[in-house]
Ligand code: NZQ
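One chain comes next, on its own, written as structure tokens: the form predicted on its own.
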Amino acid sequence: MLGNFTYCNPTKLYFGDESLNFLNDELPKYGKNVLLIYGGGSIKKNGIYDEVVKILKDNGKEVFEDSGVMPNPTLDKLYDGMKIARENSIDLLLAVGGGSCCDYAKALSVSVNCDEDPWDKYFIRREAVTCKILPVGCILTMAGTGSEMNSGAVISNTEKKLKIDRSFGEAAMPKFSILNPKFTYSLPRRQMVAGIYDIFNHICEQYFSNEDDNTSDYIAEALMKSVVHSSLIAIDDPENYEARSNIMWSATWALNSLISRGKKTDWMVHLIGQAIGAYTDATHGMTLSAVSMPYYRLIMSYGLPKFRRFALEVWGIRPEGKSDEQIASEGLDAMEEWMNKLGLIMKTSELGVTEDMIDAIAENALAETSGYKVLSKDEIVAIIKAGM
């Protein structure tokens, strides 16, 4: 492994079908006022809301609510949450939902006590957090983003058509996260497969960089094989606990910074996907699937040894009598076949991208500089157009 690095992850995880019980162990560590953060109300339909509220009240907590967190949390929503948290002297932010709720909670945690505009300070000027950070806890109902064990948050500025991610450091990471695979059973198939591809692409973004013999790559390959195997079971049997639990656990380890150690990483697919999402409000995982194949086929020749290894180790491509280019290309073919089996969106036009948007989207998708190739704006345009 090359370079020097640090690794610290302070988030405590509770995993399994009885993991919600451990909320009782965590709540006494925090003050009385809890802000319950959730999305469109699905947790009320499946009973999770009632379970969580009962535990909160049994622990003597005053419960305030911040509902309606959208799949791509907006700056306006963040401002609303700041107002609720300030007016009620919130002691703990408890996000119950998927990655968007967790992302939003972390953005809120560093914004409530910020004496400047958080968009300008954190997302535009990229400044460090200097104010008191509210503690965050997560109860996960969708596997995909890994937000339950990292410091990242993605916020969309609808007025400026920008969707920007930011990592806030160890202090902003969730203090605890509760992962019950059964809580993901009620997800619609489209959301489930979008989350599955988000997991897989998180791994790809870290895997497709560097050429040294790196332990992180061996871990990444194992995670990718687990995701592929379990995903094919889950799409046929959505309540297969073993498959759903492996998907959930893989999601956490795909983006808690472990497999990025010793790696340059390349987040170009995410940068293009987020730029598309800012214009279309499309599902995040689907924005990634729509641009992945054009991007990876474009850069394959620049990182050929890794793409060859990907084909052999993840997809089991047989190398006999084939050139490295053939092996690598067959690996991408196998990946594309798997994506189609899941029913992922493979065309940017299906996301709502129109010709008149492409130039602005490409302009906002700033080129990643640490990948195998630094893309020009024209190449980004070509990637977007390839899926029209």
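Note that residue numbering begins at 1 and tracks the sequence as displayed. In this text the structure is predicted, and so the values were computed from the model without any measurement.
Another form, the form predicted in complex with the named molecule, is not on view; read the next lines as being about it.
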Contact label in the predicted bound form: residue 289 to the named molecule, heavy atom within 4.5 Å
no
4.5 Å heavy atom contact, residue 69 to the named molecule in the predicted bound form
yes
At 4.5 Å between heavy atoms, is residue 303 in contact with the named molecule in the predicted bound form?
no
Does the 4.5 Å heavy atom contact test between residue 187 and the named molecule in the predicted bound form come out positive?
yes
As a check of understanding, the residue in 173, 255, 138, 247 with any heavy atom within 4.5 Å of the named molecule in the predicted bound form should be identified as 255
100, 177, 206, 231: which sits within 4.5 Å of the named molecule in the predicted bound form by any heavy atom?
100
Can all three of 221, 251 and 316 be found with a heavy atom no more than 4.5 Å from the named molecule in the predicted bound form?
no
Stretch in contact in the predicted bound form with the named molecule, which is absent here, among 40-48, 359-367, 340-348, 55-63 (heavy atoms within 4.5 Å):
40-48
Along 132-161, which positions have a non-hydrogen atom within 4.5 Å of the named molecule in the predicted bound form?
141, 142, 145, 147, 150, 152, 153, 154
